[in-house]
Ligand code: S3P
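As a starting point, one isolated chain is supplied in structure tokens, in the form predicted alone.
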Amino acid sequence: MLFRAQRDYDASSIPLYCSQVKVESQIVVRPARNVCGAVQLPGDKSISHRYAMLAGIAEGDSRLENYSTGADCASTLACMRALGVTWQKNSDGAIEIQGRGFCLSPPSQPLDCGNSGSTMRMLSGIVAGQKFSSEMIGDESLSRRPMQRVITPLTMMGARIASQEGKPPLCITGSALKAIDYQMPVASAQVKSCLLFAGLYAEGETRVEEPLPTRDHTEVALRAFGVQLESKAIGGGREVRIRRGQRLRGIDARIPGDLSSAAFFLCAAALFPASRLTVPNLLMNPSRARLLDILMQMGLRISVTQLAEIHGELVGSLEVEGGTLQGITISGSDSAAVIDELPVLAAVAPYSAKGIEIRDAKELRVKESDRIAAVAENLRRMGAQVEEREDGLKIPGAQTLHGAELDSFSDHRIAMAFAVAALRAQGETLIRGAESAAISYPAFFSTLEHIVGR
């Protein structure tokens, strides 16, 4: 692998097996024989975002161990600091946050969310309840992403929001919010989280209904910080109710390992029957663990040990053995449940016996990149047959792929997904824009190198 370290990227993550010639933003991946060893993952990205925001508006101090090392979660911390929240990183790596309660301070400059749609969408719910105006900005990629899905309900609650035709930057003028009963047209954990955060400031009871159940980290985190809310299944989806005026209290927590990051190593292990992998202290939240069911249906042997509940989140350790990778169709609620993991599942699909079909995943087109188009393009460059659809992909199995020059499309999950796919390709694969992995997992490439056998 070749890499030129950039801001926020861990330069020590340059693998030892690679050539040390440094070429801007590119990595070369060579084929592997198996995957063996143990992977200790950084803190879950979704939980890290939520804990940092809630700790900032809580009363008292919070200590967060194993906070995500990704640039996205660093953007959340930076925005909270700009809003007057004091925090520091200790010598042991823990983040200590001094909560300010509900009233934050007017920022002296725009809140820079970087590449993080999670930061912009969720934090907008908190900012909308403040007595000042804030401008939220992002990088080029984030500036193309749709924000109308939070603008519409927040405006209904009383916030005034100006945007660029529904896209960033957002200029949010906070006000006295009122509760609403809102049916989300598209299932989105980020939108749900935004509205629940705003509901903490809104007069009355805010009710949010999602058409399909999404990850429930916000509900679990709110309860961990002392908030009472109601959540129940309704039809094929779920509703959550929250009331204003509840006090949050700081917590002392260790954030479990990131399951979405684990997906890359689990898929790498699935490529080789002789693989043996251990993943300790991993998030096992049922709204996220559908990935494990899908991989087991595809032939990966996974056993869970040391299962425990910590601050409402299930945490366990995985023992993984490779098998013969089978095919599968992923659709409906499954597509929503594993939306972040679909790129890597699609990237390894050609190596499965019968292929993978992905449906009902149109949301992939408005992520950091158009992930449906990005996956299809890179697979074709590697010689794969693939059918691109508006809401997904159909990828035949039993294909032989060759090394090629690929593009990350400035998307961390595309860069990491094709580093995995390249492990079983014939010949070397070059991935341009590989530094984008730092958005969620700066040490990804060195960790992959640690467990790959050649």
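Throughout, we count residues from 1 along the sequence that is shown. For clarity, every value in this text was computed on a predicted model and none was experimentally measured.
Absent from the display: the form predicted in complex with the named molecule. The rest refers to it.
Listed stretches are 343-351, 273-281, 236-244, 115-123; the contact stretch with the named molecule in the predicted complex is 115-123, by a heavy atom cutoff of 4.5 Å. Contact check for Q130: every heavy atom lies farther than 4.5 Å from the named molecule in the predicted complex. In the predicted complex, the named molecule lies farther than 4.5 Å from every heavy atom of S68.
Interface residue remark: Q190 is counted as part of the site for the named molecule in the predicted complex, having a heavy atom within 4.5 Å. Under a 4.5 angstroms non-hydrogen atom cutoff, the named molecule in the predicted complex lacks L200 among its neighbouring residues. I339 is the sole member of V320, M382, I339, A74 with a non-hydrogen atom lying within 4.5 angstroms of the named molecule in the predicted complex.
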